[in-house]
Structures are given as C-alpha cells and as structure tokens.
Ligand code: SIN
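Before any questions on binding or motion, here is one chain by itself as structure tokens, the form predicted on its own.
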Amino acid sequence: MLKLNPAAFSPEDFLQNYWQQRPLVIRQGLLHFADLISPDELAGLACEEEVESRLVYRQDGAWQAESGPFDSYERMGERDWTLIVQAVDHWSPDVAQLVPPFAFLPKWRFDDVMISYSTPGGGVGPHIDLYDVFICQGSGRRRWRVGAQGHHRQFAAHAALLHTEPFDAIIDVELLPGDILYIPPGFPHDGVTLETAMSFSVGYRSKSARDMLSGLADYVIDRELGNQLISDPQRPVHRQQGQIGAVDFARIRAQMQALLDDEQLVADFAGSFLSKSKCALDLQALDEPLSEADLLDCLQQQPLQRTGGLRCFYLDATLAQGVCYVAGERYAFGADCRAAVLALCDHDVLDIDLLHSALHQPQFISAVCDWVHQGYWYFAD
C-alpha cells in the first residue's frame, strides 16, 4: 500500500504552513515509487471514448492541442509532446492507490488523478491552475519552475491552452522518481521534460459560489421547492412607481435567504451536488441482480471494493438520520444505520464487520444490492 514518507512529510506541518499558501518540494515523498500504469496502458485509455484525454505539442514553434480519443501516436515523433489523461483513478485500481496517501484532506475536495506521459522537451507551457495539485514524479525526469502569486497576464496560446506571461521562479527544481511538488491555486508554473517521463497529478478542487448557487437553483427547480411567493398584506400606498423600496428589497432578500437558512435543504443539496462525479466511471454492472442472500454470503467470504472515482459523503447535519449521498443521490436509512453510513463513506473497502450494524435493515441491504448491481461497489474476486 502506498504511503507518504513520514521522514519527508508531516500532514500537520503541511496544512499549517503550505496548504493554499505556498508551493513545496517534497523530496522522496513516496519511497520506491514506480509507475502505477504503463505508457502503453495509458495510451490505450486515451483511445477510449469515455476517457478524457489531450495531446499537447508544438508545431513550427506554435502550441497545438487536440482532444481524444486517439487512434495512433506514430505521427508525434520522439520529442516535444505530451499525452494527458484525466481521472485515471476511475479506470485503474492500481492508479487509485495514489488517493489514500492524501487522506488528510477531505474527499469532497478531491478531483482526480491526472497522468501525463511526455517526451523530452514536452510540456503544456507556463500556466496557472485554480486548484491544488500534488505532482508525483514517476519514471523519468522533469524540470519544474514555479513563480509567485501576483498579477500575471494570461493569454490563449491555443484555443484550448491558456498560458501566462514569463515569470521569475521561486522554485526551480528537477523532479526525480518519488519526488512530489505541491502547487496551490494561483501560482504560475511550467514543467519541461528532460527525459521521457510519467507524472501523476493528484488534484484537489473546491466549487465556486457561482457553481454552488447554479447547482442549488437546479436542485430547487427539479424538486419544485421554493415556490412560495412574497406576501405583504396591509402594505402602505406606494408613491413612486419605479422604486423597489427598502422594505420590499428586504422582503426579496429574506425570500432568498430563507432557502439558504433551511439547513436540511442545503445539506441535501450539498451532499447530492458534491457526490456527483465529473468524469465517467468504469462501472461493471452485473448481468443479473444480486439477491440479498447472495450479498450476505459473498460478504462472509470477501470484502466489497468501491469503484474508482465513486463519490459518497455524509454531512453532520443529516448523519443522525442515517443519510448519505452516493453518486448524486440521497439515501436515508434511519438512525440505526448511522455506523454503517460512516463506514460506507469513510472506507474504500467494506467488510462484513464494518457493515454488520445495518445488515439486518432491509432498506440498507436493498440499496447495497442495487449499488453492486450497478457496479458502484464490487467483489474483487
């Protein structure tokens, strides 16, 4: 099992002094780290329609970018190109092993494991990201330059590539296998491959207020909530027809604020919204539904494994009711299933001991059977 090197990295020190504050080079953060997927396997994934991938390269001095799927890479030559594949943890259990070492951060902030394969001279150009990333160096070597936060002019080097102007480096480092470079949002950076390399980027991203409000609006509309109109009996005569007066404006704000003050509503929205996966999952649905008796028999023999990229959460506001949110859906199992809900969301592998407190609850067993049938959880053997 992959673990961060305790001699090189302290989660407490990192969160206090670096997280979303400044970049950090962690030498040998992953001891004896080797590629979790081969270049050929990565290239094969980028041939699949469901997998998000890109090729970035320079042609006649100009930056180019193409989106997958790709049929062949023969035309690319031996220099100056990079293949990028998103959410590889969804498709490879081996790559998914890179997620648990960063469990000192909450899973709702986790985005995906992006992998790049790059030839000498390859890169994507100087740019600024809006998310936190741990770049774990696999095979090969890459040189990384990171600049300070500030007002950096950005421009479109290509329709699909937003670059930033040249910057002075506060970090200029060559990453070797097992090294990790942490970059917070807003810091310009540029990686150039020195010899054919694989980089494994563990990304963490929060949602903007715009995204959350837009999602809340859709949630309210889909469930036909918030339909109550403003009521103002015995209001005084209005003298200025074009005016939205202070009292009316206060009513309008209170009408909208009432939705945000509804803790149950916002908790259910947040759990549902944040448990949706951005990228496709590698779901292996069963041909025949699994009976409850078969599920219990199988659990006696082997644990259930969560499929890569599946998101499931609980909130303190609704946990006492045995509520959890799986792949965008809300499930309420009752107070007796609280411990099982904790196990379900906190663990990637579920054995019968973790779930035993709810295995006599018909609604819970039925949901687990349905999840296994859909491929959300599976028996590895």
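When you see a residue number, it is the position in the sequence shown, counting from 1. On a predicted model such as this, the values are computed, not experimentally measured, just so you know.
Not pictured, yet referred to below: the form predicted in complex with this ligand.
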{"property": "Candidate spot 131, 144 and 201, all three touching this ligand in the predicted complex (heavy atom, 4.5 Å)", "result": "yes"}
{"property": "In the predicted complex, the one of 310, 124, 299, 99 near this ligand [non-hydrogen atom within 4.5 angstroms]", "result": "124"}
{"property": "Listed residue (152, 163, 306, 189) with a non-hydrogen atom within 4.5 angstroms of this ligand in the predicted complex", "result": "189"}
{"property": "One stretch from 225 to 233, 250 to 258, 112 to 120, 202 to 210 that, in the predicted complex, holds residues within 4.5 Å of this ligand by heavy atom", "result": "112 to 120"}
